[in-house]
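Below you will find one chain, with nothing else, as structure tokens; this is the form predicted alone, and questions on how it binds or moves follow later.
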Amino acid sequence: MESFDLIIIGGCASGLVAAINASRLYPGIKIAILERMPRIGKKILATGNGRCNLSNLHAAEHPYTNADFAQYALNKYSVKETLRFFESLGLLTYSDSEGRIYPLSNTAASVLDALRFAVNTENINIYCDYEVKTVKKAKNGFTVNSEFFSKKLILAAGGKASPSQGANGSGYLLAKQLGHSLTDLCPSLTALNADQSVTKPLKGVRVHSAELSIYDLGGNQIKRKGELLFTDYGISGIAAMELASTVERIKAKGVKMDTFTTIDFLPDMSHESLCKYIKNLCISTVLRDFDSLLTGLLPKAVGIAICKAVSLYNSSKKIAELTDFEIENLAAVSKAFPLRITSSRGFDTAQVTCGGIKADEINKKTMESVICPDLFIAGEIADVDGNCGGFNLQWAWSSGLLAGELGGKL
């Protein structure tokens, strides 16, 4: 049985930075990374549409799930510290107007290469195509598949999201073997299935900024704002994806979705301002028809869908003949367009898993298990997740670096 000082299960974001940090802080340590996929870091290549949105300037104040728990790691290894870490690997970055941080090369491969080169050292052994099936607590350490022994162990196996990129949820089974319990798991940051009679005619239409609202099981209105994309199966884009976990939790309780969803196509315009705009438009452009009534505000197809929803499309009525009530109704539907959502697109297309190892079973200042000494938890496998924009990768870096610092200390 081969022995190591530290074994890391999972060779992606959090696991790789944990290995690098432990190796740098404790140069004599012997480390092994066990990765189920043929190559380390595959999921990193798919992030940010291949550009790798690796962090966000606003991560410190982001409302993560279990934000109080996550805050220590996010402060200890802050965005600034994380970027300094990547710079030490030879990777430079830039940020956009939304605070999203990307590699200067604009390619996710640059991020993975920087990490891959850094773990290519004599004291870090990488085993790819290696599936961990059993982990047992042993005297003064752990045994893995009855083939390896290590004094300390970092579980950084990821969640269930995007199985094509290597995630299959096996890390949760290992956590249970070591005494941990899980919160309910559901896909997050994925598109939504919706009423296709509405979405199919709008397939391919993008709305630059829309606000999607859903009432959760507690009766609270959850709103998400961002780009919205219509597809043949439903809706995608940031506004839709950030509500996926809410949709799945409602679905899990057997609640019908018909009354839960509305789209505000003009969230930066008040109802009163929109009414005034439409009224003035009806007076000044009497020759305009309902096909093009809202084209100055929204894509033509969306304007038509709104007019159909208020029974004005194909009406014999002229624009100039609209009553105040009809204008009010047109504005109201533009800002609360009803859409029946049936489900999310599931784990296959999700970017992250919502749920995981319970936060109160992990010491937030060390990432060490409070149930199983010398076991450390990092990344998506813990019950921490955030919205689109680099927040989830920042959690992976912060928790991984912290786990590497304390997990590598013998």
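Sequential numbering from 1, following the sequence displayed. Since the structure is predicted, the reported quantities are computational estimates derived from the model, not experimental observations.
The same protein has a further form, the form predicted together with a small molecule, not shown here; the description that follows concerns it.
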Have a look at 344-352, 66-74, 22-30, 368-376 and name the one stretch with heavy atoms inside 4.5 Å of the small molecule in the model of the complex.
-> 344-352
For the three residues I9, E131 and L393, verify that every one has a non-hydrogen atom within 4.5 Å of the small molecule in the model of the complex; reply yes or no.
-> yes
Among S315, N168, Q177, T295, which has at least one heavy atom within 4.5 Å of the small molecule in the model of the complex?
-> N168
Heavy atoms within 4.5 Å of the small molecule in the model of the complex: does E35 have any?
-> yes
Contact between S162 and the small molecule in the model of the complex at 4.5 Å, heavy atoms?
-> yes
Is the gap between A13 and the small molecule in the model of the complex 4.5 Å or less for some heavy atom pair?
-> yes
The small molecule contact in the model of the complex: A60, any heavy atom under 4.5 Å | no
